[in-house]
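Each of two forms of one protein chain follows alone as structure tokens, named structure 1 and structure 2.
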Structure 1
């Protein structure tokens, strides 16, 4: 991922594009770097692939601006599946396609700053805001789960306003805890595991994002939206179901 501002997502720039991945995969990309419309297109295209239920398709997934499809070579051949992808891709303007059904809005409490977000002031300064204004900005609008990656159930959330196109650190913070809220390059992440990171640690949630014992082990899904709000009692959040977060259906 990069911190480059949004680019135009148009076929004249070479997108959308279909590429082969190994011997049994295709990657359908809608931009060369993070772009809000391209993310919407990738989510919509993956949903369409799943509705098609083509024989031999074993897996569909999305990254920030691409949809991935893996197929069973014993059940379908490369050329015919590529032709189906071409037809589906040409069937509509995916950049204007509606987001998938079944999405949810999650209202998530966060304890900002202090020991639970030691780099909040630094991140706010880089974004040109006071700490108070930074918290207000980060809580003002929902951010979309653009993809799940890096660790099980871990969401990349965005995009933030342009002034939050702040760089990663040049070095690593040795460890931030599970459920930490971090920020860089116009995105937020809530970590599903404790980890080193080059992103700035600005707050702490009570979310348990990866639940291997559950039928649906990932709490969040690509396309869901998250609206953060400020909280002050982390111990209470950690004892609450879903870390105090509540969800409602998006229509």
Structure 2
């Protein structure tokens, strides 16, 4: 089953919103929470910023529902850049933007629970499901790469059903390995590097998301979809090309 992720309601009042980030950045947010249309809007707005290539803009990126822009303080100022952002925002309905071209569906095997997902039972309980039902839910529908971030090539995948709106834990788990599957706030992440985290570790994949030696060092792109299925032999996954994952074009 490869149905599209569920379309969420349009963003709430007060968006899109332009806010400053640090001393030399702007963030254009299209919603205050994870939202399918706002995610599309952010991706399309960032693509438009790249096309505009205003002088003094150093870098653009997207997060889940926002587009980020960093600029050179010697070449521009906040007022003129904010005015340009206002004009660009008003130029179309960004929430109606299509998803990026060239999207792919990745079928990704995961070893759930046990040593490879020590917090699966805890996460399932917070979501009000048995461990078996939790695995079934997480594998039932594709989740979309809503953004790449935190670490190189690392996807934020969503959106899970409402009962998976579980908070991060208050303490940090000191180390979760590369390729781990973790969950919080209706999202899944596969870690691209080993890292401390507040998300709960529920499984392990064989994905290598960041390949600095390759021409294209990043495996996944925003807009790609990922459909997980349960596997049991992690060593075999790790030896397989792309960790046992296979991709097909999404039309």
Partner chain sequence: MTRAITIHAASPGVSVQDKGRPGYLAQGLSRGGAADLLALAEGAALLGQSDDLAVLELAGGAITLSASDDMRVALTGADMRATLDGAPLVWGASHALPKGAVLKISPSRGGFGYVHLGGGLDAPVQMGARGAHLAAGLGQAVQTGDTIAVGPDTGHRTGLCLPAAALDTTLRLVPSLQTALFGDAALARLEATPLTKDARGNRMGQRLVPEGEGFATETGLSILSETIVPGDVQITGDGMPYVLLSECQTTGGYPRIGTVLPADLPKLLRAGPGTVFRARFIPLDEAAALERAEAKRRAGLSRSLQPLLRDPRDIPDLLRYQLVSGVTAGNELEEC
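For the two forms, the rigid core is made up of the largest set of C-alpha atoms that agree within 1.5 Å on superposition. Since we're looking at a predicted model, the values are computed, not measured. Residue numbers count along the first chain shown, from 1.
The form predicted alone corresponds to structure 1; structure 2 is the other form. Figure legend: rigid-body motion between the two structures; of the candidates 97, 169, 71, 162, the hinge maps to 97. Between-form comparison between the two structures gives a rotation of 22° for the smaller rigid part, taken against the larger part from C-alpha superpositions. Core superposition gives residue 86 a CA displacement of 5.0 Å between the two structures.
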